[in-house]
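Below you'll find only one chain, the form predicted alone, shown as structure tokens.
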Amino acid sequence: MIRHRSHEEATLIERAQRVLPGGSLGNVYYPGDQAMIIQRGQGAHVWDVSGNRYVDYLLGSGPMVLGHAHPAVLKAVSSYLERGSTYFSTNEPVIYLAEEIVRAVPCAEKVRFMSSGSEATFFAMRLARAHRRRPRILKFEGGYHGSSDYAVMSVTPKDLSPFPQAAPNSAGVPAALADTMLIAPFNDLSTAANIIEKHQDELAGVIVEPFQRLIPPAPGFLQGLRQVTQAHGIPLIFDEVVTGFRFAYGGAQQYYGVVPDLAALGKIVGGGYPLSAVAGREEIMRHFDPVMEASNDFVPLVGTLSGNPVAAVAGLATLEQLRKPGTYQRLFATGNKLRTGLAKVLHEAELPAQVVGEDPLFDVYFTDQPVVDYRSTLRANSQMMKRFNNLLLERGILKGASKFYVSLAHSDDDVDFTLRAFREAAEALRGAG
């Protein structure tokens, strides 16, 4: 693929530079000649304003598991729009969606809706604090839980502090908040359990991505985390914004067989529209109930678009498709062909690399050392990763800085096209030394 840039797209890029910091939304950043303006998406493909087509593994950062503009979602949303766009009040679609989440997600007894994953993880942590009446949360180094002041602690630390010390990864975060978070290494049950034991009287909860970015949990890690938190009555929070309805209909907690007390949901659950949720045990979720307003245990949550009916309709239509027999088998089969194909290509090119993740969600780390936690990812060659992503983009493959999201819309032709791009990119990397 030889990418061309039209005058129209070049003009839009210049306009974006004038009004958007860095000319982007801050989600993905394509500098210089790689800058692009996406115009539309259909199925497993997106097109930029210049008309270049890409096989899309970004998928809006994951929500579009059915692919872009899926007919069932379009029909559901279009038929609802004549009723209005939002009410700031309880409505039919959110009741139906909450009922479906309770049926699907093992930990879900009650549900409260928000608009973004960052809100969901933020309020899950606040709920735990309200329930336990304790100030501190334990999270895992390298874990991403959105953009709240608490969540940005030790996500991508440059200076590796001794555990459990936290460090903010953003300007503008009060230094005092670092003391409200404790940090443990992912997949190290012994260290995490020791921190929990030592600080059990201060801990409000433990939040974890059950599948941390790209790293699967080691055998027994989540089970051990469940046991130690349960022993001390500490709520365990799964951040399932990414994994919810992706690894299984019941999410990572169904896939890995470990049930938390609370879960943060997003991405797929909104069908491509702004919607997220906290779901969990009624005993903890009751802190959202307005009947608690007179007490010090009440957690108010007000959001103009929280529980938006259009987003709920899109979510319901998406979940209906995911419930069809054979759906997850098909998703995993597509991902497995891509994942194993990428591993084979890298091996044949004799590149020091490994493919990490699960079939629906994976990527490559350019290192021959095991990748089990954040610190082990630092051994990977990040410059080679950037070069590999750039080579793929030149060949019509769109992805983020990390992660291949797989959709049900990716066809055999898309997979074959992608595997050819993998081979060409790997050979170019090998030739560059």
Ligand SMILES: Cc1ncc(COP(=O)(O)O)c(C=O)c1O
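Since this is a predicted model, take the numbers as computed values, not measurements. Don't overthink the numbering: it's just position in the shown sequence, from 1.
The discussion below concerns the form predicted together with the named molecule, not included here.
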> Okay, which stretch from 143-151, 198-206, 227-235, 310-318 lines the named molecule in the predicted complex, with non-hydrogen atoms inside 4.5 Å?
Replying inline: 143-151
>> Taking the named molecule as it sits in the predicted complex, is Arg126 in contact with it (heavy atom to heavy atom, 4.5 Å or less)?
In response: no
>> At 4.5 Å between heavy atoms, is Val242 in contact with the named molecule in the predicted complex?
In response: yes
>> Even though the partner isn't displayed, in the predicted complex is Lys267 close enough to the named molecule, meaning a heavy atom within 4.5 Å?
In response: yes
> Looking at the partner-bound form in the predicted complex, is Arg132 within 4.5 Å of the named molecule by any heavy atom?
Replying inline: no
> Which pick from Ser116, Gln354, Gln254, Asn91 sits with a heavy atom within 4.5 Å of the named molecule in the predicted complex?
Replying inline: Ser116
> Using a 4.5 Å cut on heavy atoms, which of Lys337, Arg286, Arg136, Arg213 is close to the named molecule in the predicted complex?
Replying inline: Arg213
> So which bits of 192-206 sit within 4.5 Å of the named molecule in the predicted complex, heavy atoms only?
Replying inline: none
